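Before any questions on how it binds or moves, here is one chain, the form predicted alone, in structure tokens.
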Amino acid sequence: MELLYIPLILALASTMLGKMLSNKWIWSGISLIAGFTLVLNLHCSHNFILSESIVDIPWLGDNIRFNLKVDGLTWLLLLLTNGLIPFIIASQSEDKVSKITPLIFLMQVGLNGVFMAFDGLLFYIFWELAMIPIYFITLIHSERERFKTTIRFFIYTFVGSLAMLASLIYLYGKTDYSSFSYDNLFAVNLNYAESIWVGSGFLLAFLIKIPVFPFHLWQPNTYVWAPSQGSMLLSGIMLKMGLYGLIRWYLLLVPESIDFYQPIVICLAVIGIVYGALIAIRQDDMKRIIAYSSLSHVGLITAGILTLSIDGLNGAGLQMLVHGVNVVGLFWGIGLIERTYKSRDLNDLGGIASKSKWFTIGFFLFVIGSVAAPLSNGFPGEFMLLKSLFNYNTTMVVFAGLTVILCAVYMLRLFQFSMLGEGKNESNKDMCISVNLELILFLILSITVILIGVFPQNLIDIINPSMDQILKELLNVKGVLS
């Protein structure tokens, strides 16, 4: 429960104090200490072999309970959420702290709730709660284009949420005890036609949130027009809600529909891998490059999940963490560049390496992590995902494997045009990103690229029991893998 009420208290405190305490370092430090303490305490007190209840009390009667559980997969996503939030708070410009910080804390409540909820109605409520603050964060500036983009994002995600709610209500009506309990929803047996319709509701919500081609149309402009903190929250953490939902809620609640949807979703995901990479190569806006890069990377994660293999699920779990770290680092770096050089267009940049060497080193680490270079954090998970896709379909892996080549093209192009050579804009030649506490934190986050790349097994050992249990439940209950 502490992972819910402490961020909520911080949200209320930062709202009431407002400009009286608008120091981002104080809020970032409090968040860092509280978040890591709580997540590490969970690690010490759970074995993560099975989901263990940390709260299970009646909420709306005995059949609708406030039930929170934690297993290895949940813990990893809690680590991602509560580990990145302090860095996102620290990345703000001082004039936005009092406006954005309370919204970030409120979103943290929703995200933690989504990953821990084991009641269908509770899961839906937290899912929607996470939407409210990000809507206002993306509207922190009032440009007309930003408003249109945010409304489009809201409509897409709201339609998906309603579809998921309809599926949950249908399953609720089929339970023996009229309950939204995860265990009771899991016990429902659907016929093939029912499973297709119920599965479509879950998949629509999750594929929009991830997003998977062609449900991605809200994503590029939203990432580009949102403040850097909004882009970090959306891409680094929020899209993991969709990937988590795919694993925890779709696969286990509607396994009867997997045979129907599996080839369709994998095909769409692979199309998104190639499509996102090809579009990214043609972009000059640094944020738009990362937006399409994210579409490509999460397509591979989605495809790996649907292979229903232990390599695919473990690789997906690891890559969720890795993608979050890398994309937050990249958007943070782009935000620093834009604040200093007043542009994020590659045509206006260049020569940053000669003036800001430490920043360039940190930014380069995030680039090689995204490219999945050996010994970087992106390599182990991407290797496992491609291996699982190879075992599923050798033709699919040929196209999915293009992500290795195409990602290197657009990410190294981004690095070369922004960091190397001489500055293209005369007014920027004397500017540099100064060494301060924000840059030091940026470098600390960049070091995790190497740490995870060298020691990935420590994280895999945590999530493997959860993923193995999911595969066993699919086999034993429905015979999906037989």
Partner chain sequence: MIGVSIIFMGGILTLFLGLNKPEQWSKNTSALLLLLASASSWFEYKGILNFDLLFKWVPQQMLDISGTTEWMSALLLFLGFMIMNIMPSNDKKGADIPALMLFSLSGGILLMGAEHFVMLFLGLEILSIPLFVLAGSNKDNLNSNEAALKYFIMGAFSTAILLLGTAFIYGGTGTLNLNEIQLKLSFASHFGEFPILLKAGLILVSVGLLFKVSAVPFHFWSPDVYEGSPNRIAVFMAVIVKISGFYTLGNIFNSFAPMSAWSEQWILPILGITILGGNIMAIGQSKVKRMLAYSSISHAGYLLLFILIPFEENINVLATYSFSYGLGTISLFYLMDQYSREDKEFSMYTALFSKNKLHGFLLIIATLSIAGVPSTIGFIAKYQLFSSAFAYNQSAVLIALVGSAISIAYYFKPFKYAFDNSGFEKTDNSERFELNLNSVYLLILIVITVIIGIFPTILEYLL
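Numbering follows the first chain given and starts at 1. Treat the numbers as computed from the prediction; the structure is a model and nothing was measured.
What comes next is about the form predicted together with the partner chain, which is not displayed.
Novice: Among the candidate residues I361, L278, I140, I310, which is the single one with a non-hydrogen atom no more than 4.5 Å from the partner chain in the model of the complex?
Specialist: Here the answer is residue option I140.
Novice: May I ask you to choose, among A373, A187, V404, V159, the residue with a heavy atom within 4.5 Å of the partner chain in the model of the complex?
Specialist: Exactly one residue meets the criterion: V159.
Novice: Can any non-hydrogen atom of L32 be found within 4.5 angstroms of the partner chain in the model of the complex?
Specialist: L32: no contact with the partner chain in the model of the complex.
Novice: So, F455 and the partner chain: in the model of the complex, are they within 4.5 Å at any heavy atom pair?
Specialist: So F455 does not count as contacting the partner chain.
Novice: Heavy atoms within 4.5 Å of the partner chain in the model of the complex: does A166 have any?
Specialist: Residue-level check for A166: yes, a contact with the partner chain.
Novice: Wondering, does V39 line up within 4.5 Å of the partner chain in the model of the complex on heavy atoms?
Specialist: Taking the distances in the model of the complex, the answer for V39 is no, it never comes within 4.5 Å of the partner chain.
Novice: Counting only non-hydrogen atoms, which stretch in 295-303, 216-224, 170-178, 267-275 is within 4.5 Å of the partner chain in the model of the complex?
Specialist: So the stretch in question is 170-178.
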